[in-house]
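A lone chain, given as structure tokens: the form predicted on its own.
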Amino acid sequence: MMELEIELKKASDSLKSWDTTSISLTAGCDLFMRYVTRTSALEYEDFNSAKSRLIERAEKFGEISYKARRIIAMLSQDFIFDGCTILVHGFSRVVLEVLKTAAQNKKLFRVLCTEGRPDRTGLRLSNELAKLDVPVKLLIDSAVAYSMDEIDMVFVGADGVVESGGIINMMGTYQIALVAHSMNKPVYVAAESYKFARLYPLDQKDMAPALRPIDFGVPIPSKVEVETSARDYTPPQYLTLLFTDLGVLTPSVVSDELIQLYL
């Protein structure tokens, strides 16, 4: 059994090496390993029985992860009301599921969608919302403060949810949360539990950089330095609630949930 666990660890490490900056990939692999191997029965069963038990638990983990977005979408529906305006940032599959479910429930709302530099993923989300006939308005990222007066709530995804209850997400999330907080607008995070990571960043530079190329559309002189980091850290005090497949959480209880996940 020890050899089988070693092989699983090798496969997990191989997946994580594909993108060493992805927090959700690393956390997902770590949680998968813990979930699959966390059973005392493996120590007493014969190899074939133990193998079947591992496969069964792996499939169960996959089923839980697959259902996560749907659970999160259902939990968030009470917070989306008719006539509201929602600000979203970049492209998040779970946020899209939240909005898609609200549209299917015949709720009347509109969405302001940031462009999502540097990779402009907000364009993708705005296209998906348009297909659902959801009223959507595309904003340049620097127009967030200008538009905050007409916004009722902010919905963002997360690349990782850290031990403090804060999140690491695409660049610009932090400044959106700051503006929303200063204007008393709730900031909601939609994130699957497999994105809960055992990290505790103290500031913006206290995490491995995720660098992305940036096209400014014009030549940049070689003497000009360009910031290419693609994500930032939003501290918990600027977040209102986290919608997860574990339930609706306040940032302050995230550390307790992490302990349970990684036991």
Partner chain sequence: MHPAVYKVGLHYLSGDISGGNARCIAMLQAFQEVIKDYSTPPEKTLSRDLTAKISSYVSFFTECRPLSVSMGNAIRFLKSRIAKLPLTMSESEAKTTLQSDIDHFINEKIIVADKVIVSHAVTKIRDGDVLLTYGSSSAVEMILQRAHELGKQFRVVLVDSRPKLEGQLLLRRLVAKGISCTYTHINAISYIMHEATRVFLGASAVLSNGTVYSRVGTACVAMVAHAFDVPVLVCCEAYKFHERVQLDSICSNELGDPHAIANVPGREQLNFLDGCAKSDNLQLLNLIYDVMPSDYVSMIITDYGMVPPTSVPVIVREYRREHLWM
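In this text, all values refer to a predicted model and were calculated from it rather than measured experimentally. Numbering follows the first chain given and starts at 1.
Just so you know, the form predicted together with the partner chain exists too; it's not on screen, but the next bit is about it.
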Checklist entry - For the chain shown here without its partner, which stretch in 84 to 92, 110 to 118, 159 to 167, 141 to 149 has non-hydrogen atoms within 4.5 angstroms of the partner chain in the model of the complex? => result 159 to 167
Checklist entry - Among Q175, P213 and S229, does every residue place a heavy atom within 4.5 Å of the partner chain in the model of the complex? => result no
Checklist outcome for this item: the partner chain in the model of the complex has a heavy atom of only one listed residue within 4.5 Å, and of A208, I55, L202, V224 that residue is L202
Next on the checklist: Taking the partner chain as it sits in the model of the complex, is S252 near enough to touch it, meaning that at least one heavy atom pair lies within 4.5 angstroms?
Outcome noted: yes
